[in-house]
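Given as structure tokens, the chain that follows is alone and in the form predicted alone.
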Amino acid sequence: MTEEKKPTLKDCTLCGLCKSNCPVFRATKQETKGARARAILIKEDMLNEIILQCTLCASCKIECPEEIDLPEEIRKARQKLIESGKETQANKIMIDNIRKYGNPFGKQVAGKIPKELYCC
């Protein structure tokens, strides 16, 4: 019995179905910020801040006819970005807040909304 090969970005045909429910694409209506754009950037090893704009909701994975785990590829790409020093200030603040307060928003005061809201 042979083990099935897990599909990778090499198997991506760039069909664009991944962007159909991508919340970043739906909000911006910009192809360059959607799931397919992130797949292209990662395939070409051209990592930049667009990788950080993903919400990791996994709708791209659900829609993918090749069953590629793009959110996992994005996590790996984010790690490469951080290791290469291309981390955003907002990301640094979120990580610091998580370490100090256990959440990305910082110190919480009952009944008050944080001044700056960061999305994970």
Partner chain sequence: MQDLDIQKLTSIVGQQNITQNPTDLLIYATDAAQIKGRALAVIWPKTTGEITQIIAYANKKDIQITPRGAGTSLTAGAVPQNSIILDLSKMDKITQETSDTITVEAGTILDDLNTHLRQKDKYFPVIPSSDTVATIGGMLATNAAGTRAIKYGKTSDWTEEIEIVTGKGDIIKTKDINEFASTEGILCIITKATLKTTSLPEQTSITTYEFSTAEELVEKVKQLKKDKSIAAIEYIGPFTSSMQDETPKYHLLIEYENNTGTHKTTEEIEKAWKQRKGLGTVLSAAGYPKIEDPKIPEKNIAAFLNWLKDQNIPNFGHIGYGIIHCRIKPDHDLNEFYRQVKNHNGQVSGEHGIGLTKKQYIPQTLKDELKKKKQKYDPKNILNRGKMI
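What you see is a predicted model; the values in this text were computed from it and never measured. Numbering follows the first chain given and starts at 1.
Not pictured, yet referred to below: the form predicted together with its partner chain.
- Residues Cys57, Gln89 and Asn97 are none of them found to lie within 4.5 Å of its partner chain in the predicted bound form, as judged by heavy atom distances.
- Taking the partner from the other structure, its partner chain in the predicted bound form has a heavy atom within 4.5 Å of a heavy atom of Arg36.
- Its partner chain is not drawn, but in the predicted bound form it has no heavy atom within 4.5 Å of Pro23.
- The shortest heavy atom separation between Glu44 and its partner chain in the predicted bound form is within 4.5 Å.
- Thr13 belongs to the set of residues with a heavy atom inside 4.5 Å of its partner chain in the predicted bound form.
- For the partner-free chain shown, Phe25, Arg26, Thr28, Lys29, Gln30, Glu31, Thr32, Arg36, Ala37, Ile40, Leu41, Glu44, Met46, Asn48, Ile50 of 21 to 60 come within 4.5 angstroms of its partner chain in the predicted bound form, judged by any non-hydrogen atom.
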